[in-house]
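Coming up are structure 1 and structure 2: the same protein chain in two forms, each one given alone as structure tokens.
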Structure 1
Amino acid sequence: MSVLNAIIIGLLMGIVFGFALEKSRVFEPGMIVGQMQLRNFTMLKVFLTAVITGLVVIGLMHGFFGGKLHPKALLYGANIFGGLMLGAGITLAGGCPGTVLAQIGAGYKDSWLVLLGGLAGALTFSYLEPTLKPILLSGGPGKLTLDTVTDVPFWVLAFGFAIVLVIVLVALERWRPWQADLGANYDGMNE
């Protein structure tokens, strides 16, 4: 794949991604802060639906057509510490590294500063990476996936997990229809 072709494919995929983020309103900071305060469930619904769809298509591609998985290495310290820091950033940004671009596209101006802070964060990490590597970013048991540690076929676990998540979403939607979380101005704010 040439770099140019990859860029064209990336742009096209990103446009679909951006449409989905904007139309679902999940890019709205009000939806994200609301989710973290358990007052709004739009983010969880989009997120879990994307996971379910991924489980099905990756279950098919990996389970039946031998497609290669791309899991990340299990490093408890890095996963726990990085995950907590990422979560703190998500609440204060009202978005994540991908949705901040949707905020910019939709017109929020403070999101430019989130982007700038993100580039500064990535640059700082890049300079610190050689120092952090021996402390936080190495060792660990490797790129483990649930199927390799349980010896159950990937597709069985993937489809089973997908079914469990579908049941969770059906219950969530019955309890709280998605329209109830939109807000009068489609920004997740209810009053």
Structure 2
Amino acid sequence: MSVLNAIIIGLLMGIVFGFALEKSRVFEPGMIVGQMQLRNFTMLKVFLTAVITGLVVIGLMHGFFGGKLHPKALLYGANIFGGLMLGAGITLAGGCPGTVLAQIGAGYKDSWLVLLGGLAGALTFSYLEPTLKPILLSGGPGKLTLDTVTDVPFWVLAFGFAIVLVIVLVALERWRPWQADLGANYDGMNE
């Protein structure tokens, strides 16, 4: 793939992602904090939809079109510590790397601080990485994937998990409809 094609595909994916963020309202700080407090499940539903889509596309590419998987190594320290730090930061800031530009575009003034904080955190980590590397990048089984552990083809697992997640998504939507989470004026029309 040429660099130009990669840029075009990246821009198109960014446009689709931004459109989905805006329409679902999951970029709003209140929506993000509500998800972290388990009061609002719209964000979870949107991300489950993305995971289902990804499973189907990657399953098709791997199972039928020769696509290759390149998993990263499972590192307990990095995954647990990094996940906790990211989750705490998202909850405190009401924003994350994927939503901060949408927040800036929507006019949330505090989102500039979230962006600067994220950049400062990345810069700080880059300086601390040599010290943290022995702690965070050790203690894991390496490249561990479910298809190698179970000896079941990846595409079968991907489609199976996609079906299970669709069932979870439907049950979640029946339990908490998205209109209830977004409020009575979810469509922007005054009644």
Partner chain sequence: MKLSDKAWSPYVAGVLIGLLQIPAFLLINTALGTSSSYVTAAGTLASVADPVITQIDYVAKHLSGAKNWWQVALVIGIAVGAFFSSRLSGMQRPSVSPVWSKALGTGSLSVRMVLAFISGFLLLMGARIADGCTSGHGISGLAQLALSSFVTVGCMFAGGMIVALFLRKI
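Between two forms, the rigid core is defined as the largest C-alpha subset superposing within 1.5 Å. Throughout, residue numbering runs from 1 along the sequence of structure 1. Keep in mind that this is a model prediction, so the values were computed, not measured.
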property: Selected structure - criterion: the form predicted in complex with the partner chain; result: 1
property: CA of Pro153, rigid core aligned, shift of 2 Å or more between the two structures; result: no
property: Val170 C-alpha moves between the two structures by 2 Å or more, core aligned; result: no
property: Cα displacement of Gly139 between the two structures reaching 2 Å, rigid core superposed; result: yes
property: Displacement in Å of the C-alpha of Ile8 between the two structures, rigid core kept as reference; result: 4.3
property: Following rigid core superposition, Cα shift of Pro71 between the two structures in Å; result: 2.6
